[in-house]
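Form predicted on its own, single chain, as structure tokens, below.
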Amino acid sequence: MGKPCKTAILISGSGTNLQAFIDAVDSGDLDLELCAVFSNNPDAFGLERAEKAGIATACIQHADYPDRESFDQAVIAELDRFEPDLLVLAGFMRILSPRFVTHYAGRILNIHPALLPLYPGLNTHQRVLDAGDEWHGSTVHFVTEKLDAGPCILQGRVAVLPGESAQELEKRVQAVEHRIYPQAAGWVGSGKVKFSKGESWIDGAKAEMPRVVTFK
């Protein structure tokens, strides 16, 4: 058995997805080493979650830097101290510079609250309702320089219920996120999923489509 994949989680807020990772590791369902939690917000509650779980924390405020590139370079220097194999963006509210993405190429995961390539960007839940879609969910994908456009790994979906609000739909999709994000990261950590030549490979085959799990 090799050592667990060293994983740093980047947050800006409460850290509910971070908590899902902590719980999955604690229960033995996820074989990752959570080596650090980084935030650009010193008041992020997720930092308290990390400290309670005994995970190292680091914080650099983006307002202290004149531009995105200089901030990202400082973040790279801080993260590299922990020698992470994988970065997990869990509500990290910063658009990453090309330099950052290139430095960790193929080693950054994000989760987006939509069934990509549908609805990149913001306000996805209301957009799904406005369109009258039958299904909605979240997608775990590798991060590339183009926002919400990296190769997909895993999607979790739920049926849109008649008459539900965007807030109700968001809550159900968040519950899906907490299930699929640790699972997808575990796949990457174990080598089941790899990033190669701009594509996602699952079990040794190029993934033309992400794996899809349907939740009630």
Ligand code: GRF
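Quantities reported herein were computed from a predicted structural model and do not represent experimental measurements. Position 1 is the first residue in the sequence shown; the rest follow in order.
Below, we turn to the form predicted in complex with the ligand, even though it does not appear here.
*Asks:* Okay, which stretch from 100-108, 68-76, 127-135, 86-94 lines the ligand in the model of the complex, with non-hydrogen atoms inside 4.5 Å?
*Replies:* Stretch with heavy atoms near the partner: 86-94.
*Asks:* Using a 4.5 angstroms cut-off on non-hydrogen atoms, would residue 174 count as touching the ligand in the model of the complex?
*Replies:* Yes.
*Asks:* Just to confirm, residue 200 within 4.5 Å of the ligand in the model of the complex by heavy atoms?
*Replies:* So residue 200 does not count as contacting the ligand.
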